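The chain that follows stands alone, in the form predicted alone, written as structure tokens.
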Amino acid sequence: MSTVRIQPADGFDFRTDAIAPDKSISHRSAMFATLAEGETVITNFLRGEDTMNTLQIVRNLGAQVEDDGETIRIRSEGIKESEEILDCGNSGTGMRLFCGLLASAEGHFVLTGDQYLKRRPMKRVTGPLRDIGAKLDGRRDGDLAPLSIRGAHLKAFDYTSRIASAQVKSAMILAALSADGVCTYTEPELSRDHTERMLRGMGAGISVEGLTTTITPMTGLLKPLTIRVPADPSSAFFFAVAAAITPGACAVLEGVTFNPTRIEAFKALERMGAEITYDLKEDLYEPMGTITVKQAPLKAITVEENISWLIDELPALSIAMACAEGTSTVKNAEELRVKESDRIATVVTNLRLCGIDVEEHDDGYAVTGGTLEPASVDSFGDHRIAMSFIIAGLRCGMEVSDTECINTSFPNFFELLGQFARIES
């Protein structure tokens, strides 16, 4: 277990084009290569533990993978049965999407993960996949990993989800590509749409009207991707919060995706009073550009809409809320309970240790801004909790334990932070 101590920071001017590449797009670019004919070419792939596990799984499924450290080239002749257990590490995205991808593949497959992933609920994916004919099982009747999948004939479906989840939607879309007819998937609000954008760019028959996605099964292999993975806005957001809460600070974050379903947290921070500008540079698979964030006095807000668009950034946003004037409220965020940790409970626990008045609700919390105090907090094995409270330390000093988990999503986090902050380990 590693413990990190961070000292309070003064105003800073920080510019970087080295924010961690987007985790969601990195996972998908490697997975979707198994559906393509020809060579998939990926640059700026996230070299975190979770995404490298996905790349290894793609190898185990029979793909030829060449990686020179800068460019990854993948050739696949279809998914092959693996004699290896497929280890997703800490990645719920990896496990849930592979369930959909492998549900119709010929052969038997076993998905597992680390001690934290094995505790996370999977029935939100395994349940609807079973309903369309998938042969999928695991502990607690398919709710917990390891999961066993035997490829099966899948029925066409018209599925209405009760939750807005990009992971569930993506798993069902991947299954629909091999179903026996046209499928529809409807969600209560639009969740992140990388799967639809990328597969449509590969030639898949996918259309979106309102909250309903229609998927036509593949008649052959798809076109390969040639993609540069943009910087991850969820990772960039830690530095946005750092700038927003540090007097005299400015952060310029280059190469970030501007996908509307991914920058909602920046919009929330903007509503709180932070000065934020967006400079679009390109738009192929994903719109990309530069985001500039400058410190300004923050005020409380209520976050209750488009929750699925900023679910991963809520722990970091809670740090901004702790520094704002008034009481901020997060609602409709039950999904936080089933992340790498119970992020409602872990945010509340750690903010209270920092002297902040916070009230826990079933679907969120209310944070009354005040003066952050130095504290020793636990990451609970959750990379976003770890990084959020390290950023909090820029205001008051902080000791955060169990920080190895940061490597799962943002391997160069400390390298970038060290450009303007004092860190001890």
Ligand code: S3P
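The structure displayed is predicted, hence computed values, not measured ones. So that there is no doubt, residue numbering starts at 1 and follows the sequence shown.
What comes next is about the form predicted in complex with the named molecule, which is not displayed.
Only one of 164-172, 67-75, 201-209, 295-303 places residue heavy atoms within 4.5 angstroms of the named molecule in the predicted bound form, namely 164-172. Checking Asp312, Glu264, Glu286, Asp87 for any heavy atom within 4.5 Å of the named molecule in the predicted bound form turns up a single hit: Asp312. A heavy atom within 4.5 Å of the named molecule in the predicted bound form is found for exactly one of Arg124, Lys331, Arg228, Arg130: Arg124. A residue is said to contact a partner when one of its heavy atoms sits within 4.5 Å of a partner heavy atom; Asn259 fails this definition for the named molecule in the predicted bound form, lying far away.
Contact check for Ser409: every heavy atom lies farther than 4.5 Å from the named molecule in the predicted bound form.
Using a 4.5 angstroms limit between non-hydrogen atoms, Thr346 is distant from the named molecule in the predicted bound form. When contacts are judged by a 4.5 Å heavy atom cut-off, Ser24 counts as touching the named molecule in the predicted bound form. Heavy atoms closer than or equal to 4.5 Å to the named molecule in the predicted bound form belong, across 83-118, to the residues Thr93, Arg96, ordered by sequence position.
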